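Shown below, as structure tokens, is a lone chain in the form predicted alone; questions about how it binds or moves come after it.
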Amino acid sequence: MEKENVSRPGKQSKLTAYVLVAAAIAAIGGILFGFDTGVISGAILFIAKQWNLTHKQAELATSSVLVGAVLGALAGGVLGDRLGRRLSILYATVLFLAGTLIVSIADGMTSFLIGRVLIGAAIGVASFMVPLYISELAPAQIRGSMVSLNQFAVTVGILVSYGVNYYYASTQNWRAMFAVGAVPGLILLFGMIALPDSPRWLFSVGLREAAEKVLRKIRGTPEVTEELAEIDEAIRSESGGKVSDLLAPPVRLALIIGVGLAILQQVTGVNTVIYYAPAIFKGAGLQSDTAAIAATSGIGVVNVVFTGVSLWLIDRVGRRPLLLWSVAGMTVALMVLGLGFALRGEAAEAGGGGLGLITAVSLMVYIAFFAIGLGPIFWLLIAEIYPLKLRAAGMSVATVANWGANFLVAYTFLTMAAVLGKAGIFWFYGLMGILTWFFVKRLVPETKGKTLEEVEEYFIARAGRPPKRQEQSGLRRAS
């Protein structure tokens, strides 16, 4: 589609300062996502001490946000269609601020959990709606990099949360750690008030004049007639898609890949590192909370840097090679991490210094490989592999699966670590990494440089139906 239309004016719209500012403001939703994902890692150390939490209660305090995230992801598509992208982000931001306030003043587990669920619902909506809003503002030829700004913002939010955790670690003020999240929340709230809704949504609800006005503003030109016509054509092609159509033979493999990667991204243990990194470092021998949180900040830096590297490589190396190298590197790092804990168990009298170094290096290598492949490419692929009229439904299902798996992994980590041992839990995640590698090798096609029609025709051909254009359906399943 993009290749065939590359000469059209709508496809060659320049990137204006207005669009760049709008995308940057909306991407603050990604910062909220990342901040709340990371801030619990430091806060839970002090919450557990203050309230004398058991392992199960600490797991619940950490993972409760994910219950709300699943609900938010489920509701995100409906809200976006009925209220618009802009209002959905605004309401999600208000919900985030309300949850942050409740958590910051919570006097016990009940009020704390209520606040965490509200925050989760907000980031569940934002994780779905912010990329959608940006994609519908950005010119087509740079839409990929603009949407990727949201994923980069998530890693920045995680890094910021680690810095906040370190700053307040000496005072053990976990309430202040959460309260800092209100700052980007307020910026997003007032920023979105000043921004328009997406022209695509305005047009879809019959507000053609408003859509045309917004397009003229964001494109910096009065000549938007052809782009309006393209929006109209795209909306017509999307009509009639139902969630049940995802089970149709031509789409079923795409559904398996999307949901499979959503779950495997989580069961390889990434969010146990994000949520529990300070606890992992303390278990590895770092004596103080402040030292453990400082070591965790290094993971945040690595996450940001290698996500940036991934954005540079994705359209050069390809999705599939990056995924295979990413998962292989993650798996090796997990095995080494487990070995480090096993050796400490056999030689406890040797102290924790050596293990602390092994832990820091292996965790950073693990995050680097995740950030360069499995982290961002999952979100990219689910935007590419579904046919146009089912893309929103397919992304919603995959997002719910991702948050659901995230919840299960976070909720069971401390319990599984107690049962399997610290070495055993990371070896288990390593085994999941091996399964993920074979899943990618067997099922995931290379989509780099392919039009969306070619991607759709590949899945039609895999279902045993003749493609519309045989000569353009040749996506590779093997490298």
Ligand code: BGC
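These figures come from a predicted structure and were not determined experimentally. Sequential numbering from 1, following the sequence displayed.
Form predicted together with beta-D-glucopyranose: not shown, discussed below.
- beta-D-glucopyranose in the predicted bound form is not approached by L337, whose heavy atoms all lie more than 4.5 angstroms from it.
- Heavy atoms of S310 never reach within 4.5 Å of beta-D-glucopyranose in the predicted bound form, leaving it off the interface.
- Proximity of F33 to beta-D-glucopyranose in the predicted bound form falls within the 4.5 Å heavy atom cutoff.
- beta-D-glucopyranose in the predicted bound form comes within 4.5 Å of a heavy atom belonging to N271.
- Residues of just one listed stretch (371 to 379, 316 to 324, 131 to 139, 197 to 205) have heavy atoms within 4.5 Å of beta-D-glucopyranose in the predicted bound form: 371 to 379.
- Among Q265, T296, S88, T100, the residue placing a heavy atom within 4.5 Å of beta-D-glucopyranose in the predicted bound form is Q265.
- The partner is absent here; in the predicted bound form, the one residue of T359, T399, T93, Q151 having a heavy atom within 4.5 Å of beta-D-glucopyranose is Q151.
- If you check beta-D-glucopyranose in the predicted bound form, you find no heavy atom from any of S161, N165 and V302 within 4.5 Å.
- Here's the thing about A48 and T268: their CA atoms end up at least 3 Å farther apart in the predicted bound form than they are in this form.
- With a change of no less than 3 Å, the CA-CA distance between L45 and Y366 is larger in the predicted bound form than in the form shown.
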